[in-house]
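Consider the single chain below, provided in structure tokens and representing the form predicted alone.
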């Protein structure tokens, strides 16, 4: 019996090692998701013996996945919370952040909307329900349809921290589950406003915030008021030379930086 147990344990260890060499699982943020997918496609093309899967279920679920050991990479559009770090520590996991890009959260409206910019205070008043009509902020006489993200979203938490100043959003806000859904709702609704990652502004109009446009220069300089780093978390630093190490450091390479820019984010380094 003892030999059988040892044999099964050895087989299980070999399976884990084999998976570590041939499969990388990414889980989490829908903002980081398109970048993770671009990295995955490039990596698998150049490493056909390695499979990389990417799921977009929100930053909170990315944290849960690395805590539960069901992913190799947690994609997160916010930093890990203290309670998530503790949950990792309780399970012997060492969450290690990799800042793969910078992002501005764009406030977007329909292309036909004449409003070109809002202050942080005006945006906050729209989301609390204090301002209900576009005419009150220089637009046409039209009720504002306010779109927000689900509370499991890192984009939501960043917006809540940087814009809402601990004030509660109105219950009338319409909740959607991803950046793509928020963008689509605004694209099809002339009176709508939403906030999305900078990689999701095609087809809608990103307006200035406090008179500052969200672009490479203002986000790198830290002058755009709603900006953030984007993370990929691993359990410790991957061993150099392994597939996971080469995947997680793609953002430091020239092709990786090109992918970051093509998607609409800001590289953290520049060749």
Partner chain sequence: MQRRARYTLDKAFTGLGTASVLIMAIVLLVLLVPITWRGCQAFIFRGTYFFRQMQKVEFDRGNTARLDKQRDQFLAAMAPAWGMINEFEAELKEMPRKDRKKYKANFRETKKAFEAVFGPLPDEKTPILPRSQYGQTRWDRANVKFESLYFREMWDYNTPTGQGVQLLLPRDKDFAGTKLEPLFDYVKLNLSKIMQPEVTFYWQFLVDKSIDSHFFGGIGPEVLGTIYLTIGAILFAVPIGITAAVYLCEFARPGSVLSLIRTCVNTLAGVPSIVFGLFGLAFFLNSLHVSQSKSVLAGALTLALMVLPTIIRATEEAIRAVPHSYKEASLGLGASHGWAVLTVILPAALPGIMTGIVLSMGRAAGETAPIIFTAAVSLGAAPKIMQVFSEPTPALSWNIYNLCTEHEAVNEIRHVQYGMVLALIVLVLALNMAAIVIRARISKKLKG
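Residue numbers count along the first chain shown, from 1. Quantities reported herein were computed from a predicted structural model and do not represent experimental measurements.
This protein has a second form, the form predicted together with its partner chain, left out of what is shown; the following refers to that one.
Think of it this way: in the predicted bound form, its partner chain has a heavy atom of just one of 60, 243, 225, 34 within 4.5 Å, and the residue is 34. Proximity to its partner chain in the predicted bound form, defined as a heavy atom within 4.5 Å, holds among 220, 47, 68, 210 only for 68.
Using a 4.5 Å cutoff between non-hydrogen atoms, residue 51 counts as a contact of its partner chain in the predicted bound form. Taking the partner from the other structure, its partner chain in the predicted bound form has a heavy atom within 4.5 Å of a heavy atom of residue 111. In the predicted bound form, none of the heavy atoms of residue 99 sits within 4.5 Å of a heavy atom of its partner chain. Heavy atoms of residue 148 never reach within 4.5 Å of its partner chain in the predicted bound form, leaving it off the interface. Only one segment in the set 100-108, 139-147, 153-161, 117-125 has residues whose heavy atoms sit within 4.5 Å of its partner chain in the predicted bound form; it is 139-147. In the predicted bound form, no residue of the candidate spot (81, 84 and 169) has a heavy atom lying within 4.5 Å of its partner chain. Contacts between stretch 191-223 and its partner chain, counted in the predicted bound form as any heavy atom lying within 4.5 Å, involve 199, 200, 205, listed in sequence order.
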